[in-house]
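What follows is a single chain, given as structure tokens, in the form predicted on its own.
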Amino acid sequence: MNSRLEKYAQLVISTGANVQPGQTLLVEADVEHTALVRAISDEAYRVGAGYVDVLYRDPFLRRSLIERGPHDALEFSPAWMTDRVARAAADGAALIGISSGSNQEVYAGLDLGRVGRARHAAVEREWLKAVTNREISWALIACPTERWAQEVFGEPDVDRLWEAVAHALRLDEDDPSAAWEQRLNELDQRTKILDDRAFTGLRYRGPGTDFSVALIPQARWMAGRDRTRHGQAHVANLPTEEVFTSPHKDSAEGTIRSSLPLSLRGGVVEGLELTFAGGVCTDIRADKGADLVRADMDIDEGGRRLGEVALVDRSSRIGETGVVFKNTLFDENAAAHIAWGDGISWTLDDLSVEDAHAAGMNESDTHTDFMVGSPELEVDGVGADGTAVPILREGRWVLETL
């Protein structure tokens, strides 16, 4: 087996999903990811997984649906797919989801509104429920492919892409798991600083951006580590370089501009600028792909409200590569970001999901991160007395302990 794939699989199984003896592992991947899926399956069984259940996707089949399928089929979910997720949640299974680039060239020429709507809506709701209720251990990762490399570099140099991905994942360290343990400790320290400060809100200032949002008093800041309700530790995103919390759904005010392209459901959104009033996105503008954003936000009433704010500084390994990956898992960990849609219930883990919603956490069937951080963006924490305290300046973390 390729040693890089083996090392990657070991990291994902141990540090990511943290697969336990006897546990079922679900893997969702594209057909181009077969070599990595095989390595993951082999490693999962090596550590004692009860069964590895793999579901492959093919973007060309999705194109056929979007181009030729009936309108009602765009969001259709076969019963066996929703049952599979419900069973996984009931059994406390693990999940590894694998992505690559945007696949935008596969969907070239199609109506972006249909592209944005094409999803297994009921399956996504079931997964979101499982994640919100913390019933599964999960890890999202990405796999280099020639098509992804072509999108990133303008040529199918998959080896060059692997080098960038390996650096971001710390696979170039002798012991990647130990390297991640150290980084996660550093990020946990940042969450402690933020929690101790007890900011009531965040303020963003920069080119095209004048924006503020209030924080939910009961919500804490979190980093990459998480636990299921059964106590199983896992790291949901690999790589991860962020600290994050849930804002109050009614509080977003002003205009904020994206700093990186956003890969969204088979397309790329560029030059995104959103305006909020009373917590609701009232205006969507983009140089490219605005219809994709509208289709995603308009899935339900909560789609135009915010569910997450996340801070990332230039110490990020992803940022060090200088690569715009056009993969949100990577790009969101290169720059501060914000998500519209569902809130993150485990930032309010002292409350039930129902009480978290009552406290101001947003509820939606979508959760989409977009990148806003840049060296020009200033992010301040706002104290209870209205005092603004610098958190990010010139892309650097400047907030210190009290």
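Residue indices: 1-based, along the sequence shown. All values derive from a computational prediction rather than experimental measurement.
Below: the form predicted in complex with another copy of the chain, not depicted.
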With a 4.5 Å heavy atom cut-off, would you call residue 352 a contact of another copy of the chain in the predicted bound form?
no
Going by a heavy atom distance of 4.5 Å, is residue 285 a contact of another copy of the chain in the predicted bound form?
no
Classify residue 254 as contacting or not contacting another copy of the chain in the predicted bound form by the rule of any non-hydrogen atom within 4.5 angstroms, answering yes or no.
no
Since only the chain is shown here, I'm wondering whether residue 227 would be in contact with another copy of the chain in the predicted bound form (any heavy atom pair within 4.5 Å).
no
Per-stretch contact check against another copy of the chain in the predicted bound form, the hit in 56 to 64, 352 to 360, 335 to 343, 365 to 373 (non-hydrogen atom, 4.5 angstroms)
56 to 64
Going by heavy atom distances of 4.5 angstroms or less, which of 87, 192, 205, 160 would be at the interface with another copy of the chain in the predicted bound form?
87
Only counting heavy atoms and a 4.5 Å limit, does any residue of 24 to 53 reach another copy of the chain in the predicted bound form, and if so which ones?
31, 34, 37, 38, 41, 42, 45, 46, 49, 50, 51, 53
